[in-house]
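Shown next as structure tokens: one chain only, the form predicted on its own.
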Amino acid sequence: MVSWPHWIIVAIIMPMAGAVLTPIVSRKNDKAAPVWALFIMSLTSLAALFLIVRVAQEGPFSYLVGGWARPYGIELHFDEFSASIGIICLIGWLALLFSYHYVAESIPKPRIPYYYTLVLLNLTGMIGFVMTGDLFNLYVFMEILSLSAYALVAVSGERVAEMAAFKYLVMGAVSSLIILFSIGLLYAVTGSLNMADISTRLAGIESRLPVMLALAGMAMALMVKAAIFPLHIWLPDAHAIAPSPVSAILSGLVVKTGVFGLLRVYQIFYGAGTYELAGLNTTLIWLGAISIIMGAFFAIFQEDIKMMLAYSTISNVGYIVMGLGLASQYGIIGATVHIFNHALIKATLFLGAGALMYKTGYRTLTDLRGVGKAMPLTSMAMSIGAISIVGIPPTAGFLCKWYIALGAFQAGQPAFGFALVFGALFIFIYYIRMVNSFYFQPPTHPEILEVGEAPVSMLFPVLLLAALCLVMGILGRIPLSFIEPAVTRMLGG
């Protein structure tokens, strides 16, 4: 049953069909939408589990839609990198569970079914994005997740949310057009849209200028999607203003499509074997280092807890981009696993922040003083997320950053290894502010001591994710060894 060939298409169709049917299912019963969405994501997660088990047992495999062989047919390809579908399904399922009580208080009632529709569409786009073997369909799935993300930011209907969504839309639309133009250039010179086929044909292309222009365009546009400094201006408002479950999905998953897209672009050009990528690598290393420092620097001065977490995302995406740019085995392994682990960490923090806001009505560090006594479990989970994102052992954040630092030395760039450590110190400063506010400051509002923990449907996702932040650090060798073969193949080893 695990090797049934159609699981890969089921994993895409299931959430897409569920999204379309959500308004119909909930027409007569308002409470049916969250139950239906959780049911759909449970089935999708089962399909994802079978796909991950298969790639672990058999290695990468492909599915030809309609039986048409590449380059003419649509190919879905599942490799070790595609196993990120597991994290997508896990965080998506937990965010939906968290939403059950949360959205009832933060989103107008008539919009709630459409909220669940948009979340399922967003998850559909990400699942398809990590599994497609075709550049045009990479673009299509990217647009599905992007358009649904814009709408999710504005779903509350508040003017400030609509303005944040508009800024996000403008930046996203420009980057999407550049990606589409770049894909068109590659098709013009290779006559193919299939990634593996393009990689093979690039080796025989004599005119290098359009190919390098396409590479530069895709890299720049994907860095906008990933919110690398200074292309990050859309992210802080969008992530801070969106409903907290949406913030967890945006920060934990959606921005990673930018770096995942870069990973796929690297697979194409490394596979061609005839293109010099030193210039792009140097650019990524420097932008990654700047993002680490600047994201952490701006986060230090934030009083709003969600705005602080948003700037933290910029900093941590910098680690991933730096690891890819180092182009060493350790660096890319660390960067790839950090895509997964950072998703867990940031989902922990954003959902935890959402629980605090739900129970107290406050969102600034000053207003949340003393909340550690009133909500000890939620505060503990957020503290675990904080030490994990700093990179303190034995948490999930440590091993990834350690491997990226090793990758800097392996690539002969030790200075960037020290930049990584310096950035971690900055990160430590602003998360110490959060922990200090929770536990060691007298309450600004005495009534905050009387609130209790959030409902179980909100508390459970936060505690589970916090536990995974520890487990993925203690058992970190498992994902590292799982990703290693894919990185070795990509680098031609």
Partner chain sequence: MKKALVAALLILAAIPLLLAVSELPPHGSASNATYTHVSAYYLEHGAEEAGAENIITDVILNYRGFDTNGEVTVIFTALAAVLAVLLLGDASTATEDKPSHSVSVVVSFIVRLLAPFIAMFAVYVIINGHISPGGGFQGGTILGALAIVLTLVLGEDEARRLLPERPKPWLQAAAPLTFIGIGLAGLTDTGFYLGFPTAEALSWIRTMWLLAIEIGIGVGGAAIIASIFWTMEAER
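Numbering follows the first chain given and starts at 1. Remember, it's a predicted structure, so these values are computed and weren't measured experimentally.
The next section is about a form of this same protein that is not shown, the form predicted in complex with the partner chain.
With a 4.5 Å cutoff on heavy atoms, residue 31 does not count as touching the partner chain in the predicted complex; it lies far away. Using a 4.5 Å cutoff between non-hydrogen atoms, residue 460 does not count as a contact of the partner chain in the predicted complex. Contact annotation for residue 197: at least one heavy atom lies within 4.5 Å of the partner chain in the predicted complex. When the partner chain is considered in the predicted complex, residue 192 lines it closely, a heavy atom lying within 4.5 Å. Heavy atoms within 4.5 Å of the partner chain in the predicted complex belong, among the stretches 65 to 73, 452 to 460, 428 to 436, 45 to 53, to residues of 65 to 73. Across the proposed site, 17, 118 and 147 without exception bring a heavy atom within 4.5 Å of the partner chain in the predicted complex. Put simply, of 203, 421, 188, 415 only one has a heavy atom within 4.5 Å of the partner chain in the predicted complex, and it is 188. With the partner omitted from this view, the residue of 151, 307, 290, 277 that lies near the partner chain in the predicted complex is 151 [heavy atom within 4.5 Å]. Contacts with the partner chain in the predicted complex, taken as any heavy atom within 4.5 Å, map within 102 to 118 to 108, 110, 111, 114, 117, 118.
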